[in-house]
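Take a look at this single chain, the form predicted alone, given in structure tokens.
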Amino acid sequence: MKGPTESFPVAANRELGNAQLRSNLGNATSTIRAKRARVVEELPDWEALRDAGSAIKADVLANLDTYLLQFEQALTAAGATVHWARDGAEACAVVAEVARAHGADEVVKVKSLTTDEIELNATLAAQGIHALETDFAELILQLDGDWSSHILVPAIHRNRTEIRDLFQRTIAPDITSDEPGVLAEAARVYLRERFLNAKVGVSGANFGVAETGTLCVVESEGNGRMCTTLPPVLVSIIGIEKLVPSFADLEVFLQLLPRSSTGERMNPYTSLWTGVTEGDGPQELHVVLLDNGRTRVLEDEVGRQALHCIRCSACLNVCPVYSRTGGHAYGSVYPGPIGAILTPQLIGIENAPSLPFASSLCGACYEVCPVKIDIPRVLLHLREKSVDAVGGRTERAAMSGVGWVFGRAWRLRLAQRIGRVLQRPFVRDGVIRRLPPPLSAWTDSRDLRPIAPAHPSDENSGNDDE
């Protein structure tokens, strides 16, 4: 996965100028938030479910080596072929090799952030293999050369009129209506023959059950089930953190995920498959276990929480930063609060140093996370790492100087006296709105309160060395 090509502040400043984007995001996220709130309130044990989900994820990460080997053994016993991929290149090579072995120049794909992470589509295209996105939103983006801006609703930044105009230019030149049903039917007509003729399907997985080797995909449209049942060959790519220990553990996540993501009580389509069954579904199953930086994340006792994520997108829908900038400002397939802590760890903090700062630290993301990822804590942890990795000598010197001043009470009092004198030319109506360079970088985006007048007790105290 590549790092962002520009810093978050630069990208966010550009996206903030797009009024249509903010309108589209506002309408979509407010609708999803309201639906989620209603269905969550129905469950008296919601907090207990969150605790259970968090505990299961913590157990998986603490014993990941054991569960991965158990998963591999169960998959192999059920007739699947297991591949271990250290990075995206190795995972993409497996898919390409399988497609070539079966003479396929096109594969049909289920919506999958994991395949987006490893840039599967572009890698296959370079080898003459077209990866057809079959999810409605992903298809929209593919037809227009666009990319996802939301974990759950990839085309959240598009409205239905824009989609109709795109379909007119591409797959449905005669379409005139922007009614959702008409747009969906145009996509069905375009995809149906592709499904029926596909030789190879590609999917990710929301969960993998270690004890049985079962893979699980949840979706809303049915296209995923078409991809995982109709082609004679299926390749499923799953991040190594997506495991759950037992089949019974799915009960917890299949309650948490739909309510947190789409505001539904259950997913319209929950597909489960275990290995190969003669005469039923794909007769050849390949499962790729993807690392791609996950073991590096696992080493960080604070940051590893990011691997608990079940990709529900609840944190995006409540984030005041995301709702104004959209997903493209993050420069990653993982946008929003979860992207701000996951992407820098997967690719190295030095390659995305600004992302941990893409937050107001309001804590709304933690309050809605179904597995209780303490995103604000991880953000602060990564901010420290970012400064250590790319902080300039000037910043380090300034922080060292501040630490020295704060280290003794008399130094702080002296600095305050000097500051009160130096600030006088800049105070207007009780506020400092502009400071000279280099301090102007601070006041470009915020006002300052002046240093408060000295308290008599401070002025009368001696030069103590507390």
Partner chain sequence: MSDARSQILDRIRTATGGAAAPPESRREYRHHDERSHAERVELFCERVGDYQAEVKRVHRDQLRAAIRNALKRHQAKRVAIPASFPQAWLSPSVEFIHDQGLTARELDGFDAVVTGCSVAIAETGTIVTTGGQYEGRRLLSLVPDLHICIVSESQIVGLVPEALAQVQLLVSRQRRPLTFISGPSATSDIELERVEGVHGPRKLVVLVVGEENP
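Numbering follows the first chain given and starts at 1. The shown structure was predicted, so the numbers you read here are calculated from the model rather than taken from an experiment.
One more form of this protein should be noted, the form predicted together with the partner chain, which is absent from this view; the next part is about it.
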At 4.5 Å between heavy atoms, only one of the stretches 341 to 349, 102 to 110, 117 to 125, 173 to 181 reaches the partner chain in the model of the complex; which one is it?
173 to 181
Contact with the partner chain in the model of the complex, heavy atom within 4.5 Å, among 129, 132, 250, 141 goes to 250
So which of 271, 203, 261, 148 gets a non-hydrogen atom within 4.5 Å of the partner chain in the model of the complex?
271
State yes or no: in the model of the complex, is some non-hydrogen atom of residue 62 no more than 4.5 angstroms from a non-hydrogen atom of the partner chain?
yes
Could you confirm whether residue 81 comes within 4.5 Å of the partner chain in the model of the complex, counting heavy atoms only?
no
Given that the partner chain is not shown alongside this chain, does residue 56 nevertheless sit within 4.5 Å of it in the model of the complex, heavy atom to heavy atom?
yes
Evaluate residue 313 for contact with the partner chain in the model of the complex, applying a 4.5 angstroms cut-off between non-hydrogen atoms, and reply yes or no.
no
Using a 4.5 Å heavy atom cutoff, which residues in 159 to 191 contact the partner chain in the model of the complex? It's fine if the answer is none.
159, 160, 163, 179, 180, 181, 183, 184, 185, 187, 188, 191
